[in-house]
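The chain that follows stands alone, in the form predicted alone, written as structure tokens.
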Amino acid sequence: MIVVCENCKTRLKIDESQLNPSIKQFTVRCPRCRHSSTVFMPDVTPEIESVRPVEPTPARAGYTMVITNQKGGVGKTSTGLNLGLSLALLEKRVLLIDFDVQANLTISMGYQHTTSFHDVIHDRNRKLESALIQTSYPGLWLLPSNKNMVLLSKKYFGRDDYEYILRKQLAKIKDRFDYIIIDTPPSIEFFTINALSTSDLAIIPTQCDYLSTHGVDQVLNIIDLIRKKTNPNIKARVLVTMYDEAATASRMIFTKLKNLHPERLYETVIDRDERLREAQIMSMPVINYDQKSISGLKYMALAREIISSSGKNQ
């Protein structure tokens, strides 16, 4: 846990394993200025999370986006979470889908022991909306992942029309949301193919390093194949993440990306920000952790850019 001193803004790292789990608050003294602050512990998510069905709303024709890149560590999950909350803060109804066996998005939001997409389609008596969690953030829902998701690929990969399993299920609920954001694993296989086959837009996050930019070209080639086989209307955009203006290499590769993908590159660039890493430790979106954080403000700018380009300004 990271605690910021109210007086001198020194950041203190607290070992939560040393705290009594039953306490709701405690006092910490800053070793630098000796100021005492009261720290309130966040609510712990119950192991079995109660869910509420999404209430019917006027048709919204949910604009669906997949966050994808074959290379890990480029900020896919962080982008999905923080973009989702930013859109919700702009009064949009948003569904986040964790379509990754590792369940990083689910864990990042503080949930565990939940129902997944696999559990729903495995039980023919269940509806997809029964697995949706209405999070503590107004306007933001989550379809979580769990360890059973690994069975989904084993059962369905290679069957007729396996690429459309996700699309068929989302068709039943997508008009209840303005935006649907799908987080995928760092590979092009069953889960990513399904997500690409159902999405209006693929967002490809990339750092400004050689291997990450090489991954962008690979994903764009895959998307070209998806257009020919399963989803002719999908578009692709590139998002620069963890950008370090002070690093010469970052600036050089950023310039290269602008030259290679002038029409695809988002104007918004997500800067490297320590607050983003701290927010991940606290299992919360960065703009909720620190409303003035650099990355939080940039994700809000990205949300506005997406609203404008998707034609959903109203």
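For clarity, every value in this text was computed on a predicted model and none was experimentally measured. The numbering used is simple: start at 1 and walk along the sequence shown.
The protein also exists as the form predicted together with a small molecule; that form is not presented, and the subsequent description refers to it.
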item	value
4.5 angstroms heavy atom contact with the small molecule in the predicted complex for S78	yes
Contact flag, E245 vs the small molecule in the predicted complex, heavy atom cut 4.5 Å	no
Interface membership of R277, the small molecule in the predicted complex, 4.5 Å heavy atom rule	yes
Contact test in the predicted complex: V74 vs the small molecule, heavy atoms, 4.5 Å	yes
